Every structure is written in C-alpha cells, then in structure tokens.
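One chain follows as structure tokens, the form predicted on its own.
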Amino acid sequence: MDEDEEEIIVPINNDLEKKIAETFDIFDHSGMRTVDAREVGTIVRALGCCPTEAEVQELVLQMEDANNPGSIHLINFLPVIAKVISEHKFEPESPAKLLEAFHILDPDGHGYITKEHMSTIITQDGEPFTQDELDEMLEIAIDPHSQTIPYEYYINQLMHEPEGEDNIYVLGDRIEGEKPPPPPPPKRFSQIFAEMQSQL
C-alpha cells in the first residue's frame, strides 16, 4: 500500500453485508478492497442475481470511483448491492417461467430446439451473447447424441435453487425484517393543539 493511500474501513453491519463482502473479496486480487469494474457482473451473478449486461453497466455507473475510473471499492459496492437484493432486483426466473419461454421457441412441441435455431436467437435477438458466451452455453445445453437442446433437461441442469439463507434474497428478506420500524412522522402543531383541546 502506498503511503498516500489510506485503507478505508468498510463497516459490515449484518449477515447480508458479510456475504456480499466475502464474495467481493474473492475478486479483490490487490487486497485493497477494490475490484476491476469489469468484474462487477461476475460478482453480482456469483451472489445469485441475474442482471443483464445493461443492468450491470448501470450498477457500475453508480459504484465507480470518480478518482479511480475502472475501479470499484467495496464501500461503494456494498450499499448498492445490498439495496438491489433487498428490493429483489435481478432475481432469477423460476423453472416454470424458463420452460414457458422454451415452449414459445418450440411451437411444434418437439421438446427440443436445434443448435442452429438457438444460436440464431441468442446472437441476434435481445441482448446478444458473445461467441465465447454462446460456446459456453451450448457446451452445457447440447445433447451430444442428437446435437439438439432438450430444454427440460437443460433447465434441470441450470436450476439449482439454494435453500434457506444460501439464497441471497431469503437472507436479504431476513435482514430487512429485522430492521426496526421507522419512527412515526412528527405531529404538526395543529394536531397537538387539537389533541390538547379534546382533552379539556
């Protein structure tokens, strides 16, 4: 650490923040509680969130250090991601929702999609995948014998739903539930005066 750089103490107030910080630290190669902005999507997905690349870029803009572009410090990362999780943003789709989407892509009800059809959809529609992302997805999805994607089997491979507080959103709900209720709004003078008159 340079003499000019002071270590910023990042308070960890609950189990959710602890889990976020532990995941962040895996990608903190310098030990300075900072990561490269390009790692944000990977970290957020490792926590169990499913943002699009556009949503990741919005997060980066909220967190990026103006004095150190391209770098994200934990002190900026932690409150943004804790809020995202508390609000259930970027929650993964259910298996039923994924199956419904595959049924739309397979209107004849074959139970599979061809490699070519899936490649076209993924690279041209919506938020396109890079070739590396496509190759990685197809490696898992394609049945080596039929060279098709039997989507029910593929969904079952993808869907590992963590149980209990291993699910980051369940942990976030517990932390939110433990917060004390907000104080009542202050009374206006007219309300106080009316209460005093009613007691006379």
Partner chain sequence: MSGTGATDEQDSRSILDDQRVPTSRRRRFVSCFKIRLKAILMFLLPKKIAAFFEPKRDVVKIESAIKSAILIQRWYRLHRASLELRKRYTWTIFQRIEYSSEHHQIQVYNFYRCLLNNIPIVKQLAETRVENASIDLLNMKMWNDAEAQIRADKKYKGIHVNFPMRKADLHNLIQHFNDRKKPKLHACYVAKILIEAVFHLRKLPNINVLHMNVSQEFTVCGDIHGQLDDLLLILQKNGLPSQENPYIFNGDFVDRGKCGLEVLLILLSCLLVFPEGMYLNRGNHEDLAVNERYGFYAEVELKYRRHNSNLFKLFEELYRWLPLATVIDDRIFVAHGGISDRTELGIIRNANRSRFDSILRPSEMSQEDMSEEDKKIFNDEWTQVRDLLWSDPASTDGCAANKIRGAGTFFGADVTEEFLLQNDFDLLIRSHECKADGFEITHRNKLITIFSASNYYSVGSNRGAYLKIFGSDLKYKVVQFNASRAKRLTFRERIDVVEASAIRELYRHIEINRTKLLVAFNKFDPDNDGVISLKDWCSCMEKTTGLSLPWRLLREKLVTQDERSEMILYNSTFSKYKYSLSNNGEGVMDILYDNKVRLQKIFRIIDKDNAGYICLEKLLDACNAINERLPNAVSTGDLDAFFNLMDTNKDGGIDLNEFLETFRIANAGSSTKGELPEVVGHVDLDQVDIVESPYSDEVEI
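Not measured: the values here are computed from a predicted model. Numbering follows the first chain given and starts at 1.
This protein has a second form, the form predicted in complex with the partner chain, left out of what is shown; the following refers to that one.
- At the 4.5 Å threshold, heavy atoms of N167 reach the partner chain in the model of the complex.
- The partner chain in the model of the complex comes within 4.5 Å of a heavy atom belonging to F102.
- Remark: H88 counts among the residues lining the partner chain in the model of the complex, judged by a heavy atom distance of 4.5 Å or less.
- Although the partner is absent from this view, D143 stays clear of the partner chain in the model of the complex, with no non-hydrogen atom inside 4.5 angstroms.
- Residues F129, E133, E136, M137, E139, I140 are the ones in 129 to 143 with at least one heavy atom within 4.5 Å of the partner chain in the model of the complex, listed in sequence order.
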